[in-house]
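Encoded as structure tokens, the following chain is the form predicted on its own, with no partner shown.
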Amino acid sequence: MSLLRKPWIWSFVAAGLVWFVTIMATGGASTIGLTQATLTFAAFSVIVGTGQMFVITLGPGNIDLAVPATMTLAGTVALKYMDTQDALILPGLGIAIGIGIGVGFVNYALIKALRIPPIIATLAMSFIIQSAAIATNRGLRIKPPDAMADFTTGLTLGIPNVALVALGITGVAWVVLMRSVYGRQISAIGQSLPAARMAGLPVDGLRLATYVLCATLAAVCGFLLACFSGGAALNMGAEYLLMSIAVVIIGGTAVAGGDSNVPGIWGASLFMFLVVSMLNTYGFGAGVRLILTGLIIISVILLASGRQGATR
């Protein structure tokens, strides 16, 4: 079957199996609640994972480690500006997006001007951003406007609103990657940077735009997460450092660059949340949960890699 040849399908298969096993443990009593919770929490991983996927598509060594700090700063500054007022929601979102754009510009400026690897540049930038967030927040939990709190925790036709937002973002991302000149150009850069330069592609401009896009999506995610969780906290982006990378890899995007998988990010994000839920349902301790989570992730990656290799 042609569908089974798609590397991203295995993340969905794994997510479905884990969902079924978890539901069986509760006798089906938590089916709706688990499904809605999974869609909600997976949505945040999908948003940051989509941005990280664009960066990883640029080729080996390209990664943005400033994602968690960008989320924190954007959420903190935006909520502080809005000051719980519904009338300031759009300006607050604009501020968050502006922070993401600024971070993306500085990230690539460091990479280009200092000629240092992206992993070093974005890691150094993350410390600066986090320090700015600390100076802005000063340990206070700033509450979101009621309208945003209601929206991010609400449902539309039984589907979490944040999941619908994430679906819209990934829909646009798929069109950009598969149908636009920009998408084809960053894939070409990921496949061979020297060849892309020889072909006359504006490599530096494309890489800059990609880092700006990643930081902007991280900022939007931070804005939504802060509103969803009832306030901005200094550690709210911490778990999304490895998560934003893991969902890209598990979802079937090539680590070497040049080959992206938008659908796989959804499958991987659903899978990651469901694994933790399943292990919690079965009462495993924290240490055992971490070990089993790692083994399950490795198994899914090996299965997808094996199937992909067998169909080439």
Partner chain sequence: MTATPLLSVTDARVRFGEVRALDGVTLAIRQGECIGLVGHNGAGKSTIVNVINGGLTPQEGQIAADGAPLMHWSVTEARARGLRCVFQELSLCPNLTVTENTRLMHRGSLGGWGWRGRARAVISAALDTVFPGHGINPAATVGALSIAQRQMVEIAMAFSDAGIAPRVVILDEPTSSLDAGLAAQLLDHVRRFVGQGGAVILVSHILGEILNTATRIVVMKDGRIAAERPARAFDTAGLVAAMGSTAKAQARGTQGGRDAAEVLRLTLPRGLPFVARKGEVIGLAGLGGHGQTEALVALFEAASPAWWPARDPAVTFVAGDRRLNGTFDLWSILRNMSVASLPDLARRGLVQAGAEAARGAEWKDRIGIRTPDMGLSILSLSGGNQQKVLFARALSTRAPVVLMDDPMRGVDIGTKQEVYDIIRAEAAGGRTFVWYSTEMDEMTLCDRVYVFRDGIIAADLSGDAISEHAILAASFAGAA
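Residue numbers count along the first chain shown, from 1. Worth saying up front: this structure is predicted, and the values here are computed from it rather than measured.
The same protein also exists as the form predicted together with the partner chain; that form is not shown, yet it is the one meant from here on.
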Quiz item: Looking at the partner-bound form in the predicted bound form, is Lys112 within 4.5 Å of the partner chain by any heavy atom?
Solution: yes
Quiz prompt | Non-hydrogen atom contact Pro202 with the partner chain in the predicted bound form at 4.5 angstroms | solution = yes
Quiz prompt | Phe151: touches the partner chain in the predicted bound form, heavy atom cutoff 4.5 angstroms | solution = no
Quiz item: Are any of the heavy atoms in Thr170 no more than 4.5 Å from a heavy atom of the partner chain in the predicted bound form?
Solution: no
Exercise. May I ask you to choose, among Met236, Ile142, Ala188, Val212, the residue with a heavy atom within 4.5 Å of the partner chain in the predicted bound form?
Key: Ala188
Self-check item: Of Ala163, Leu208, Ile95, Ile89, the one that lies within 4.5 Å of the partner chain in the predicted bound form (heavy atoms)
Solution: Leu208
Practice problem: Look at the candidate spot formed by Lys80, Thr84 and Ile101 and say whether the partner chain comes within 4.5 Å of a heavy atom in all three of them in the predicted bound form. | Solution: no
Quiz item: Pick from 225-233, 178-186, 212-220, 154-162: which stretch has a heavy atom within 4.5 Å of the partner chain in the predicted bound form?
Solution: 178-186
Quiz item: Are there residues in 235-258 with a heavy atom within 4.5 Å of the partner chain in the predicted bound form, and which are they, in order?
Solution: Gly257, Gly258
